[in-house]
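Below, in structure tokens: the form predicted alone, a single chain.
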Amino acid sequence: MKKIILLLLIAVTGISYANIKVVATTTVIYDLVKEIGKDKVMVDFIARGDQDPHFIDVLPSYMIKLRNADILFRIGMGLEMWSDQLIDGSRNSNLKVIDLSSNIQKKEVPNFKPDASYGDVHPFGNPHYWMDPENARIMAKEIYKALSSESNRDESYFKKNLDNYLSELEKKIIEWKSKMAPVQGKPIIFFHASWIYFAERYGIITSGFVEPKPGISPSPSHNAELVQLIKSKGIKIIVMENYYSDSAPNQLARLAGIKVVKVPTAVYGVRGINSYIEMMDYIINQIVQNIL
């Protein structure tokens, strides 16, 4: 009876109610789901924008989020190893788990079996693919397909939202390409191996990393090698994710006389970054302003 009354209210008033419950592992996914699902979807996220998405504490509250969800979207490729524990702990046998990396052209897939000596190397390839805005298109389309499959009657609504978002994203992609054109071919030192998709998209030369291997702190000898490299190549900036400590990059920057550019790689990573597009705007503007 309650369901019938609710349907009558919707028919009479025209009010739309969210009918799909979604959890996103990251705030980038959260933003894309909001753009495509809008008021037909109730969405939450696990990893905050200022947290390292590789390492999230497994909390009962996160399991409860999944217990009440219809869909979990995740980056995949081993980024959120913690998500399997949350899925198991949720005891939600109806939960659909969507890996958004399915149609991504994966980079840095190792042709060997990584162990601890290689640092935090992902066995399925580098999972930071959202840093290339062309891959955001693929993610958005995968989200659209999953939402439409969950609620067939809303397929046209989701398609309209997808088309609108992709149109907006396309304009920004053209703008970002133009802004980054003067940076093409310039060398940059990055902190962590999050940037291959971004660097290849914009023709940046990745000259080295503050971390000698992913997740491994730099030694004095590694810093000395980087200082020499920075001076020989005329490198002007170190770009780093804002959720890491900037102690090691700042030390290196002082030794080499260059700048550290600290940027968010997730939505809500810093105040005022409330969408994927705003995040990419911020990253590109900071790099362009500090390297040219």
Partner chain sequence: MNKLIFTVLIIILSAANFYSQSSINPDISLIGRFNTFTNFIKGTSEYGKLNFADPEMELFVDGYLNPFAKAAANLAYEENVLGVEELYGHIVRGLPFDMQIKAGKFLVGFGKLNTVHPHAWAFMHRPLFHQVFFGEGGFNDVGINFSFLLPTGDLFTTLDLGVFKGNSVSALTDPNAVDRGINPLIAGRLGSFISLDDYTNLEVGLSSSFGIFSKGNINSSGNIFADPEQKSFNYFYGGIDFKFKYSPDAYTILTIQGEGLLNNRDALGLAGTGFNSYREIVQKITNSGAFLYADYKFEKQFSLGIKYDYTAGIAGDTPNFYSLANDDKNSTQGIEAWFSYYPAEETTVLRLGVQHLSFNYADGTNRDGETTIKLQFMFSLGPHKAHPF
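Positions refer to the first chain, counted from 1. The shown structure was predicted, so the numbers you read here are calculated from the model rather than taken from an experiment.
We do not show the form predicted together with its partner chain, though everything after this point is about it.
With the partner removed from view, the residue among 126, 92, 135, 161 that has a non-hydrogen atom within 4.5 Å of its partner chain in the predicted bound form turns out to be 92. Among 88, 155, 99, 200, the residue placing a heavy atom within 4.5 Å of its partner chain in the predicted bound form is 88. Using a 4.5 Å cut-off to its partner chain in the predicted bound form, not one of 77, 105 and 283 places a heavy atom inside that distance. Shown alone, this chain has one stretch from 258-266, 225-233, 242-250, 24-32 that lies within 4.5 Å of its partner chain in the predicted bound form by heavy atoms: 242-250. Within 4.5 Å of some heavy atom of its partner chain in the predicted bound form lies at least one heavy atom of residue 217. In the predicted bound form, residue 43 stays away from its partner chain, with no heavy atom inside 4.5 Å. Put simply, residue 39 is far from its partner chain in the predicted bound form: not one heavy atom of it is within 4.5 Å. Using a 4.5 angstroms limit between non-hydrogen atoms, residue 84 touches its partner chain in the predicted bound form. Taking its partner chain as positioned in the predicted bound form, the residues of 43-65 that bring a heavy atom within 4.5 Å of it are, in sequence order, 48, 50, 55, 57, 58, 59, 60, 61, 63, 64.
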